[in-house]
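The chain that follows stands alone, in the form predicted on its own, written as structure tokens.
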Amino acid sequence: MVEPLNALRAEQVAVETRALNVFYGDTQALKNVSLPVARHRVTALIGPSGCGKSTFLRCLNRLNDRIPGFRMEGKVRVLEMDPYSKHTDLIELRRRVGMVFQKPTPLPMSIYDNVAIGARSHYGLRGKLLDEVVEQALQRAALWDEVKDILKRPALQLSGGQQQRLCIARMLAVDPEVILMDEPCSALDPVSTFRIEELMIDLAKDHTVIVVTHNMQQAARVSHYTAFFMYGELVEYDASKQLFLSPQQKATEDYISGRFG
């Protein structure tokens, strides 16, 4: 069952923004965005290029900070934390809020070491315990059966779809509570895309997943909730079934029907 957004209780909300405004110099990228994200659900962010989807996503673990001219107004709460508080530990924030990017980003090391690096640095794991974490992460990322006999090979030798699942395994090895995905399937073939979509649905059993996608069919397939952005504004936000079958805003209807975007 997908709960109506207005019926979510405080403990059911993992991430929330209120009156969020984001600027890059004189350009306003997000305008007064208030959006609660349900815990242990997949929330899709859709909209045309440049509408603010990725900016919103990066606000949640402060990846916008190094962009010249970045400025934020409003409130952001992630797992009961204020990411922008001077007391926030950024390393801990990014452990609890993992991210998968549009282009796979394997490190220039072995498959094993790619997955192990976070568990080593965050938890000091070694030996058998580390082996178990690596195996579990690769299993959860639906990659173990394909790489269990070649763990010492360079990760860069894997296919694009395998590299993306490896990056997901690397993230899962540090056990994040929120998973951010920015167009994770855009560079993948249909078979790899299907595997990543299955993985998103499975991950939502134990994690909160927020995914940016241009693929509306994908959003409809994998998400419980969908938010439609346009020109930096949140136009409509609802249960995915409701939004795709019976949108309340004409702009949403025009976009999902292909009239623009």
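Position 1 is the first residue in the sequence shown; the rest follow in order. Computed from a predicted structure; not experimentally measured. What we label the rigid core is the largest C-alpha set whose atoms superpose within 1.5 Å from one form to the other.
One more form of this protein should be noted, the form predicted together with a small molecule, which is absent from this view; the next part is about it.
Peer 1: My question is simply whether Pro36 lines the interface with the small molecule in the model of the complex - judged by any non-hydrogen atom within 4.5 Å.
Peer 2: No - in the model of the complex, heavy atoms of Pro36 and the small molecule never come within 4.5 Å of each other.
Peer 1: Does the small molecule get within 4.5 angstroms of any non-hydrogen atom of Ile201 in the model of the complex?
Peer 2: Flag for Ile201 set to no.
Peer 1: Considering non-hydrogen atoms and a 4.5 Å limit, does the small molecule approach Ile196 in the model of the complex?
Peer 2: Ile196 lies outside the contact set for the small molecule.
Peer 1: Does Thr27 make contact with the small molecule in the model of the complex, using a 4.5 Å heavy atom cut-off?
Peer 2: Yes, Thr27 is a contact residue.
Peer 1: The small molecule isn't shown here, but in the model of the complex, which of 202-210, 188-196, 42-50, 215-223 has heavy atoms within 4.5 Å of it?
Peer 2: The contacting stretch here is 42-50.
Peer 1: Just to be sure I understand the contacts: of Ser159, Gln136, Thr88, Gln102, which is the one whose heavy atoms reach within 4.5 angstroms of the small molecule in the model of the complex?
Peer 2: The option sitting close enough to the partner is Gln102.
Peer 1: Indicate whether Arg77 shows a C-alpha shift of 2 Å or more between this form and the one not shown, with the rigid core used for the fit.
Peer 2: Shift of 2 Å or more: no.
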